[in-house]
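What follows is one chain in structure tokens, specifically the form predicted on its own.
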Amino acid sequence: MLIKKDPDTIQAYFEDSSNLKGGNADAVYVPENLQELSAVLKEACGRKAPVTISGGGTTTTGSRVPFGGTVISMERLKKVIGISREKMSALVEAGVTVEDLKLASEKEGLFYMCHPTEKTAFVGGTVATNASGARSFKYGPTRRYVKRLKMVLSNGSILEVRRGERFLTKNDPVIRLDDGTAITVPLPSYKMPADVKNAAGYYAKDGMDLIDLFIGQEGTLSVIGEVELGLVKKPARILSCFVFFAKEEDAWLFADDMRSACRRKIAQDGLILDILSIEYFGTEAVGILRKNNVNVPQNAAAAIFIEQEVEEGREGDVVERWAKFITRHNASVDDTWVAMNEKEVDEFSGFRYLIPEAVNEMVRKSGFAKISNDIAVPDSRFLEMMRFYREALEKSDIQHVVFGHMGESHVHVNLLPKSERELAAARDMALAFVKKGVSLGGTVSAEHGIGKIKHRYLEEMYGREGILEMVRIKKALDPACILGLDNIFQKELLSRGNF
């Protein structure tokens, strides 16, 4: 095992994409197997020393930024243990990147469905946050594909959980370890939002599969060491296109129309509109695209990026079907870009990822943190939420960039303040967005999690008692209270006894 203590060397472990400042730790431990990981945690538990898990550093919520104690980096747990065409699954260590998982799967003619923005994200981190990304419109979040987890608890005990084997009910909320230890998990009473993708707080449902408790727990209940994930057969072809609109609301209605058609799965000429992703770019995001490609129409105020799997020989039929939606929503087929081969699909995908990269560069130049949201609402309330955003943003002089997963009624509103005054105003505006989203039956985090910077938002969603119920779960599984402190809720709540 590698142990790093040089201040200059370990500084890089104190940051992530959130730009949260002030991180610090005494040392960074880099285990090479589960036994070394178990030993580090057992020793830290004995000292009650805080432990922060470090993945790929792509999180936007500050969850991997430590404030004291030690860091455990998963960077050397990076083996692709096996890809099984028979089981349609991949078994990997937690430090494998999403990109390496995809490449290993595709060599076997298989396909990993989740498509988070950052390809360098560690698989363990995507499980810990229930990450999703652009293609979750069709495929859903990471949770749907997790078959098995092998984890280490804070006391060093190794826990392996397979989907479908263990469940938690109000009558039997007990986890039994191999050494005979029984852990009673107090199931909470709060209700998760229905029909909305959600990565906010602990999964909770009477009769829930035990494995779901550890997906989206943000490194607060265990350290994920190995993951088995479901795969599908690699698609024959993927088509993609950019559609440009002169008015933002036309783009919203186009996305709503396409989503509705996909949900209904109505076949025309034997062809079902089977979209992978419906991604939105507001006016400012389109401006960023235009700086990188002069062919973006000058009158474009918004764009939609769509992808679809297609059988060989049906490409023209799919494009023709898309054209019907495009023309009835005031967009021009002539100004629509269509990628007809794998190289062009990759280029379009890279073009789409210019936006978050540009936003992060703006943040670095300004010196002020961005204030962003991760709200998703039920499809039926999507237009109301978008109009609420627009009204608030038009009244403000704060620079902003809006983009994201419109197919799932989930866009990211990035507020980019340039002064202390604007920073305070941005925080107030973001909280107003959260309150509106919650009032519509939505979630405060659809895919990024809560981390250290969105505690207030989670309380708006579940109330104070809901947060305290999460604290009780945490203390049941991590009685030493050392893992992922300040992730999901404030660490000070852990010292409040049994409430």
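Not measured: the values here are computed from a predicted model. Residue numbers run from 1 along the displayed sequence.
Only in words, not in the display: the form predicted together with a small molecule, which the text now covers.
With the cut-off set at 4.5 Å between non-hydrogen atoms, does residue 118 touch the small molecule in the predicted complex?
-> Result yes; residue 118 sits at the interface with the small molecule in the predicted complex.
Indicate whether residue 349 is a 4.5 Å heavy atom neighbour of the small molecule in the predicted complex.
-> No - in the predicted complex, heavy atoms of residue 349 and the small molecule never come within 4.5 Å of each other.
Tell me, yes or no, whether residue 190 is in contact with the small molecule in the predicted complex, where a contact means a heavy atom of each within 4.5 Å.
-> No, residue 190 sits far enough from the small molecule in the predicted complex that none of its heavy atoms falls within 4.5 Å.
Would residue 122 sit within 4.5 Å of the small molecule in the predicted complex, counting heavy atoms only?
-> Contact check for residue 122: yes, within 4.5 Å of the small molecule in the predicted complex.
Heavy atoms, 4.5 Å, the small molecule in the predicted complex: which of 59 to 67, 430 to 438, 39 to 47, 462 to 470 makes the cut? Say which one.
-> It is the stretch 59 to 67.
Of these, 129, 372, 409, 277, which has a heavy atom no more than 4.5 Å from the small molecule in the predicted complex?
-> Filtering the options by heavy-atom distance leaves 129.
Of the residues 143, 405, 329, 259, which one places a heavy atom within 4.5 Å of the small molecule in the predicted complex?
-> Checking each option against the small molecule in the predicted complex, the one that comes within 4.5 Å is 405.
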